[in-house]
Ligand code: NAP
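Consider the single chain below, provided in structure tokens and representing the form predicted on its own.
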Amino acid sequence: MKTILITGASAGIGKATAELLAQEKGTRLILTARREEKLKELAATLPCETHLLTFDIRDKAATLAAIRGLPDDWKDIDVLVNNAGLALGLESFDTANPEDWQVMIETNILGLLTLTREILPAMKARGVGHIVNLSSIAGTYHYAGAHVYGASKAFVTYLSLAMRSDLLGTAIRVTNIEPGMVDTEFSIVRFKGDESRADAVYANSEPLHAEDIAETIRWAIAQPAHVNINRIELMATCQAPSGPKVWRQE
């Protein structure tokens, strides 16, 4: 039995990943998010055993309590998918809201660090494990207004590579997934509920879908034990890495 923990599983990439991995024989899922009802709705549709944890990954004490409070038969986590993350705002650095920076740093960086640091030692002791971090092309290709968000994702990318170096000589695998534009709740969150502004991000184009990223994660963790996928950068065909630019149909 393979136990997979997915953060931010209530929507978007996390939800799509749960739905796809639940189809894998011998898999059970630990699903975490802030929205308990969304997790329950998802779990009710999945054809595998699930365990739900409701907490805000920004809250270190709550995160640690949730993991340490897992039932004994759920403590051996084989795969950790660090999906929880967000962007807030698209203003220039000099006019951006520092409170938004704090939320992004606490979620995208500190939350990921807390959870991974708590789970990794047991993986190492057991000699088995795979950590999948969700970064972004924003960590490689800059665009206006993405300063702190992009920097937080650059952190995740560098951390993934550095962890792999630290874990050399162990069986622990680390994979960094770096998607381009994906049509999820991402832009609605970024623009704080402004749906018209969020819709404009994807207008007249076909971005990636959450299911595309889920399939990428599934493929990475399905590789033989001697194969480590270090990084995967993927974009929709309407997007190019210079800018990054988006081609829109008239």
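The shown structure was predicted, so the numbers you read here are calculated from the model rather than taken from an experiment. Sequential numbering from 1, following the sequence displayed.
Heads up, the form predicted together with this ligand isn't pictured, but that's what we're talking about next.
Residue 11 belongs to the set of residues with a heavy atom inside 4.5 Å of this ligand in the predicted complex. In the predicted complex, no heavy atom of residue 176 sits within 4.5 Å of this ligand. At the 4.5 Å threshold, heavy atoms of residue 79 stay clear of this ligand in the predicted complex, well away from it.
For residue 27, no non-hydrogen atom is located within 4.5 Å of this ligand in the predicted complex, even though that partner is not displayed. Residues placing heavy atoms within 4.5 Å of this ligand in the predicted complex fall in a single listed stretch, namely 34-42, out of 191-199, 221-229, 34-42, 64-72. Note on contacts: among 185, 49, 212, 206, the single residue with a heavy atom within 4.5 Å of this ligand in the predicted complex is 185. Contact annotation for 118-145: residues with any non-hydrogen atom within 4.5 angstroms of this ligand in the predicted complex are 134, 135, 136, listed in sequence order.
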